[in-house]
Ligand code: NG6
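So this first bit is one chain, no partners, the form predicted alone, shown in structure tokens.
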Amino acid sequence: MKAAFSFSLTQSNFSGKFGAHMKARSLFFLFAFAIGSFSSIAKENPKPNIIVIMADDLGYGDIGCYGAKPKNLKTPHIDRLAARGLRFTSGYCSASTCTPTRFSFLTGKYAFRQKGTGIAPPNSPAVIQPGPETLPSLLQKGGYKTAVIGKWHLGLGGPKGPDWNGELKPGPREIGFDYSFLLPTTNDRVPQVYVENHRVKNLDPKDPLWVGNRKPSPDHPTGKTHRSTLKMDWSHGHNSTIHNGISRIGFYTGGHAARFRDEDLADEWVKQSNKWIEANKDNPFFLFFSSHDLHVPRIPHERFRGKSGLSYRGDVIVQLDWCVGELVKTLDRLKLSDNTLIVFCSDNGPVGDDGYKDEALEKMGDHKPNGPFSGGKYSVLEGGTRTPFITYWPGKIKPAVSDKMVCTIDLAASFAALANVKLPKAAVPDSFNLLGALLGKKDAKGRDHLVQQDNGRGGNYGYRAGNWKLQRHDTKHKRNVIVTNKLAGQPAPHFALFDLSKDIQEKKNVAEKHPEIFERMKKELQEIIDAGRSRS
């Protein structure tokens, strides 16, 4: 930065002590003026705060601004972001399950490139190990304070997994986050405790926490042996250790003082986020607000029950919307809104019955969680990865609807550009700088292609380039039907081609009608997989 003024003191007419005195005075005033000018410029153009609000299992059609019709399913706070910001119609996550999407969001790398990026089990070691640059580490280099609050589900600890009674590292703090307050796994998996930075919060050393994948004793209560005691029954899996009247995946004992109540999760995320924002209001900050809503078990706080008329699944959408409103309220109170970019997104598409009998399907009615698309969570159809995607920045983003293709994997490179941080070539290898598109700049381009995946390394892929969509099923999965996790319908062919401009539900395979495009798309997808990176 150069100040828009200059002085020449090298050819002065100063002489003797008077001249030296006046020269010193001039230098003093020049210095003071320069500091004042730079300070003024910095105040006018400070680095913006960034908040990413990532919902869990929220579908394209689940909120009002994307066409949700049920009269009691109200999302006014999210709709306000969309009405005053940029609503994307081709906004994606990179995978149709949570762990790989979150991995790609933070690393800027497709999850299929790394082993161990499938849905993380309770005792998973850290999926993202220290070393490579990440979205938060890049922002740290730009002078940002960074935090993640909410669901983590990316593992903790070294190769042997987490030491629940000791230091839980490596974890978020070793990959760029200054602060973390976590649900360590996902709430249908054990244990039900908070992790603040490196330790389980409120853990009593006299009551150590044990987590395992086998029943710890013959008389240990489970969802199978004590099913009649459950306040929410399971439909498949999810029948091991019981906590708060709900059986989970995996087993654990102890840590009773540290355990939370499911109903209080959303309130805790808001409480801790507001506390952290308040403490860091004088610095540029990045907050990853990682909601657990709408993931199972869907247990809304009592004050949200029955609000949607669509079972607990709808109620937690209302609860999620409340969280968004509370964060915006805090920004407004602290006068930070005009200098804060908010990105609202989801980690994958919707699912109905995902292991619990919560009447999600029975009370769905004519609501279409995936909007006009087919497929949902676990699927490479559009409904699995095309989700709500909104950017909001008062005074900087003009209200509009954008058809540009953007993805959560691109936030790493885009935020680095926003923070004026140079990207090392090896960093975030599949993340593109789409800052112009995210801010709604004229003539800005979105992605011209995107690889979608279902879960982990290998498996099934979707490859979109323009309006063409290639499906590649390397497993024997069948096509995933709308919002359920039951694989049904006709078996998917190994490869299939669809024209999204005419067939948004991917029902008509046009590979035989367009053989050149079909072969080109197959070749391009394989080249991207083999190259190890897609950002040049």
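Fair warning: this is a prediction, and the values are worked out from it, not measured in the lab. Just count from 1 along the sequence shown to find any residue number.
Below, we refer to the form predicted in complex with the ligand, which is not included among the displayed structures.
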Partner-contacting position among Leu418, Ala427, Ile249, Met364 - heavy atom within 4.5 Å of the ligand in the predicted complex: Ile249
Heavy atom within 4.5 Å of the ligand in the predicted complex - residue from Arg87, Arg113, His238, His77: His238
Option from 122-130, 325-333, 418-426, 377-385 whose residues, in the predicted complex, bring a heavy atom within 4.5 Å of the ligand: 377-385
Partner proximity in the predicted complex: Thr107 to the ligand, non-hydrogen atom cutoff 4.5 Å: no
is_contact(Asp410, the ligand) in the predicted complex, heavy atom dist at most 4.5 Å: no
4.5 Å heavy atom contact, Arg298 and the ligand in the predicted complex: no
4.5 angstroms heavy atom contact with the ligand in the predicted complex for Asp315: no
Site check Asp56, Asn348 and Asp354: each within 4.5 Å of the ligand in the predicted complex by heavy atom: yes
In the predicted complex, residues of 157-192 near the ligand [heavy atom within 4.5 Å]: Thr186, Asp188, Arg189
